[in-house]
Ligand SMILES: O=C[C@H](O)COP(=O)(O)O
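As a starting point, one isolated chain is supplied in structure tokens, in the form predicted alone.
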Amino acid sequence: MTRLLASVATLDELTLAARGGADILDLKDPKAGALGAWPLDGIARAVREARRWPVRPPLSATVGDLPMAPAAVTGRVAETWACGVDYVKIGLCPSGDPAACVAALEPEARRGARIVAMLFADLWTDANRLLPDLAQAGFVGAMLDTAGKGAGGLLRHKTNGELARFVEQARGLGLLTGLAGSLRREDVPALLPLAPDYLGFRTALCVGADRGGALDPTALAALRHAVPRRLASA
């Protein structure tokens, strides 16, 4: 069953997205880059707010657009996980030493941090080659996203066949799978048959399809309809 991930930029959007039926709430600052991070105190406040709800979706948080330097990556992941989110998302780029970053994060994963790797489809020619390393290091998931939000969405950079192979290989390694990257509502029918665990949205949720703008409840409702819920227990 594919679920709907909604990236939210403020506490008000957090509440709006939860009420609108998002299956996972992703804390991200779209004005600070592809994976712009909320400040740590803001993440902690969002966690406290969500814990007051009778029922809440899982919360994920990005750690920002970090250089592929193990010390910087491990420190920020540890700090973000300590805020109490359910998942920490780290972007992996081919520049620098992404393999060393993955290896350096293994102790954090073994201590319980639930880390999801974001692999940028417009930067990697073969992101799949990192998937075995992610599984070996104890990551819980891998998503394909895009780094350059003005250079077209995910389907401009990867074919359906490439996306299908990514999802299949990641799932075979026991990883949660997700697809994101300037996805539109019109992309959903092509992506649902691939059966990723999540489809992630920001731009398509916003007024005027401006990812830096405000979340639009009408757009969220349209995407909630396009990514239908099945059994609540699934």
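Residue indices: 1-based, along the sequence shown. Note that the coordinates shown come from a computational prediction; the quantities given were computed from them, not determined experimentally.
Beyond the structure shown, there is the form predicted in complex with the named molecule, which is absent from this document and is the topic of what follows.
For the options I115, M118, A127, V73, the one in contact with the named molecule in the predicted bound form, meaning a heavy atom within 4.5 Å, is M118. The shortest heavy atom separation between A180 and the named molecule in the predicted bound form is within 4.5 Å.
Heavy atoms of M143 reach within 4.5 Å of the named molecule in the predicted bound form, making it an interface residue.
Within this chain, Q169 is remote from the site of the named molecule in the predicted bound form, having no heavy atom within 4.5 Å. At a distance threshold of 4.5 angstroms between non-hydrogen atoms, P196 is out of contact with the named molecule in the predicted bound form. With the named molecule omitted here, the record of contacts in the predicted bound form names 196-204 of 170-178, 196-204, 65-73, 39-47, defined by a heavy atom within 4.5 Å. Looking at 207-221, the one residue that comes within 4.5 Å of the named molecule in the predicted bound form, counting any heavy atom, is R211.
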